[in-house]
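A single chain comes next, written as structure tokens; it is the form predicted on its own.
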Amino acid sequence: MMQTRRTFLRTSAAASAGLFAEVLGASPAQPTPEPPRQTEDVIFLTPDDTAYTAAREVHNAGILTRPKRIAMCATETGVQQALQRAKSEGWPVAVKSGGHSFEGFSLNDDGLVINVSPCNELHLDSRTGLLTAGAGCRLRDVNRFLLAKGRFLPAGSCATVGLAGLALGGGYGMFARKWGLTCDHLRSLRMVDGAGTIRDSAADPDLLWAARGGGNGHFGIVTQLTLQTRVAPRAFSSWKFRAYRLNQALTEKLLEAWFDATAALPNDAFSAWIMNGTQVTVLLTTTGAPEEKGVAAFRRTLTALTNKATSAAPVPLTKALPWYYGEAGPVSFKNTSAGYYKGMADLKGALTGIFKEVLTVPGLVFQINTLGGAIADGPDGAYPHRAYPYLGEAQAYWENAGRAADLQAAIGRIRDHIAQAGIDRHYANYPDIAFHDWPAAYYGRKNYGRLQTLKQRYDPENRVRHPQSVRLPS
């Protein structure tokens, strides 16, 4: 039987009480009186608490932001109490679930972070296939829960990314061409707005529109999402093609062939073109037939143009998905959107500069992923890039902190090459603090104007915010 929303959000309270007791036991006495640090629904952590470090941990090891307080919220009521505390103290609020914001938007230096990770209940309606998920759920746990029941939610590939942040920004991956973005599967959600009022999209369709690609940390704190799941595909097939010792001319020739080959792929298939130094790796996956015409043609083309081709026999998703889960983190990196494209022609003006950087600066990665397919026909929402069948990203990774500045500067030069080529649309889940006109880049002018109107409705005091959150109308 479907749980009530209130029951759903309070089921973790008993477990949370144990966690709270452990945390408080490790905390030194406060020198001056403060509001209650613990209720049944929330605990407020200070930097002196031993649990604070884990509560503020984010995927990007370079984010050193330290909020004044972290509110560990086990229920929707706890979120309301945390917002009331922020209002009384005059603190800004950031929202944290998985902590995967590339630019650290889930933290702040001068206020309160509402951490919803304790809200991690999952419930599947076996009749409708609807998944009800707490905002603290992470993708690995969602996959494990659903696949055991023969269901699946199309999403990304990182194991520890928070489901809420992923879905609110769009959410693409190897299955989006077949079924659409993660946000396309949203059917309803609940949010505590910046004023502390509970909002339900069942009574407020504008909230659902904004949640389908409008990003996170703008209006309030999402506490619960309901998403339509799919029947899990029976098998997953994959191939990798590697080319070595490339120069600019050979790289451009290979990229052009890749663009041509992807145009004939069926919606079951996904491909990524990944350049790292003088090597290019092309990934191809499908949940359809390995010998389907477009897939077979793609394989022939890439085999002829690369030095090494490997394949994995069709396997169940339970085995395949962990191959792509990535490092648990924290990781030292810089990752940013490198723009949306309709084809090779959009990139022509930027390629010389991009290739020069990647070929000469170790640690840089330039990647292009296939979109299109079902994404182009998704439901109405704030995500504005459905007409673009390709998405690029620029990445840099380092273990030696002394390399950070050089790699970040190289990412900046790639960003400039992209902008000078006239590419000005970007994925909100791959933010870059240096994007000049980020509102138009992430959401488009029209959609951003509508998001600003909703900001006025849900958070007129601009309590919930980060450096690239939706601004109040001027």
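As the structure is a prediction and not an experimental result, all values here were calculated from the model. Note that residue numbering follows the sequence shown and begins at 1.
Although not depicted, the form predicted together with a small molecule is the subject of the following passage.
Engineer: Just one of 309-317, 170-178, 398-406, 288-296 has heavy atoms within 4.5 Å of the small molecule in the model of the complex; which?
Structural biologist: Heavy-atom contact with the partner occurs in 170-178.
Engineer: If you check in the model of the complex, is Phe333 within 4.5 Å of the small molecule, heavy atoms only?
Structural biologist: Result yes; Phe333 sits at the interface with the small molecule in the model of the complex.
Engineer: Should Ala74 be classed as touching the small molecule in the model of the complex when contacts are defined as heavy atoms within 4.5 Å?
Structural biologist: Ala74: no contact with the small molecule in the model of the complex.
Engineer: With the partner left out of view, is Cys158 within 4.5 angstroms of the small molecule in the model of the complex by any non-hydrogen atom?
Structural biologist: Taking the distances in the model of the complex, the answer for Cys158 is yes, it comes within 4.5 Å of the small molecule.
Engineer: Looking at the partner-bound form in the model of the complex, is His466 within 4.5 Å of the small molecule by any heavy atom?
Structural biologist: Residue-level check for His466: yes, a contact with the small molecule.
Engineer: Which residue, Tyr52, Tyr430, Trp438, Tyr448, has a heavy atom that falls within 4.5 Å of the small molecule in the model of the complex?
Structural biologist: In short, Tyr430.
Engineer: Would you mind picking the one in Leu364, Val95, Ala269, Ala211 that has a heavy atom within 4.5 Å of the small molecule in the model of the complex?
Structural biologist: Of the candidates Leu364, Val95, Ala269, Ala211, Val95 is the one lying within 4.5 Å of the small molecule in the model of the complex.
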